[in-house]
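Quick setup: one chain, the form predicted on its own, written in structure tokens, and binding and motion questions come after.
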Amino acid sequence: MTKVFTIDELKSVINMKDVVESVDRTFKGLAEGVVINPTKVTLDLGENAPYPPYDGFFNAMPAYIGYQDVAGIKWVGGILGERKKAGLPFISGMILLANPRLGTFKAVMDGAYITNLRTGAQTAVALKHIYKGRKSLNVGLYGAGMQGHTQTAAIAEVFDIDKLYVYDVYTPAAEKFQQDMKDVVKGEIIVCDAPEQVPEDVDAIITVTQAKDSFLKAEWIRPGTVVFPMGSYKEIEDEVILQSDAIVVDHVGQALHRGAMKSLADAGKITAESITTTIGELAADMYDLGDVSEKKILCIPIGTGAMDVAAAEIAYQRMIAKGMGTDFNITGE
């Protein structure tokens, strides 16, 4: 039997703290070799390709989590176009869990909620291992949408945020964010009028926008700053990458073939040898960046299915323990 869970059941059993802890453990597993994560496969539905004209994409993201002994896949997409006109969120997705020994499918659940939590958690965990021992940070944030909220919530699980500078092309969104997150951020939230104001006094810069132009300038980045280009498009100038003192990624293969570094990798200006280390190696104490106070660090967590599958397995076990879910004999086995 396959259990199908509702979004309300899922939300009732797992939160940001759970996912931050899960992501940390799963990054460590990636470095240790007990987590298997192939590169994601993208179905372009008009995000970059001229056909079909739906201004979106879907990613297939499989993984095996050895420390949980679970296999799974997330099928997740971001659609603008008609979905945006319908007033629906940008991200939609589902997660399928399987017993790797029998090949039986044991669970189906929403993937968008876990995606939003774990994307924020990736940043928080990376910062935890880059800024070892730090208790507080100043943060600069581009984009005040769902990801802006979850990035902030995740970082607040690990650090006290003294100051958070937020910029959004739609100022009311930034102002709403300021109100929404006032009880999450212990310090001050400053709404910026111009993009160049964000990096003035921060330890981390996070871009979670739908911008298709490279708006983040290399000249704005001071030493002692970690830059996270998290959006689907290229939000940072190539010089931000080329002038970095260290490049940290979640998955080397993915980081070179999509996202911020893709064009440089395609041109042969960035290779696997250009990457300093992975978040997993930092989490497993296999690499130490040392004193980063005078370094410009680029950190690119493209996103791996392992993070989603591991979090989904935690939720699955808790929902089963509570008697949640509906049985479906989908395969007839």
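Don't overthink the numbering: it's just position in the shown sequence, from 1. What you see is a predicted model, and the numbers here were worked out from it, not measured in a lab.
The same protein also has a form predicted in complex with another copy of the chain, omitted here; what follows describes it.
Looking in the model of the complex, is another copy of the chain within 4.5 Å of a heavy atom from each of Gly140, Ala211 and Gly259? Spot residues vs another copy of the chain: no contact at all.
How about Asp288: is it within 4.5 Å of another copy of the chain in the model of the complex, going by heavy atoms? Contact check for Asp288: no, nothing within 4.5 Å of another copy of the chain in the model of the complex.
Is the gap between Gly103 and another copy of the chain in the model of the complex 4.5 Å or less for some heavy atom pair? Residue-level check for Gly103: yes, a contact with another copy of the chain.
Are any of the heavy atoms in Pro89 no more than 4.5 Å from a heavy atom of another copy of the chain in the model of the complex? Yes, Pro89 sits close enough to another copy of the chain in the model of the complex that at least one of its heavy atoms falls within 4.5 Å.
Touches another copy of the chain in the model of the complex: Gly268 (any heavy atom, 4.5 Å): So Gly268 does not count as contacting another copy of the chain.
Residue among Ile275, Ile36, Ala284, Leu264 with a heavy atom within 4.5 Å of another copy of the chain in the model of the complex: None of the other options qualify; the answer is Ile36.
Name the residue from Asp110, Glu157, Asp250, Glu237 that puts a heavy atom within 4.5 Å of another copy of the chain in the model of the complex. Going through each option in turn, the one that passes is Asp110.
Picking from 190 to 198, 74 to 82, 158 to 166, 219 to 227, which part of the chain touches another copy of the chain in the model of the complex when contact means heavy atoms within 4.5 Å? Stretch with heavy atoms near the partner: 74 to 82.
Hey, which residues along 317 to 332 are within 4.5 angstroms of another copy of the chain in the model of the complex, non-hydrogen atoms only? If the 4.5 Å heavy-atom criterion is applied to another copy of the chain in the model of the complex, 317 to 332 yields Thr326, Phe328, Asn329, Ile330, Thr331, Gly332.
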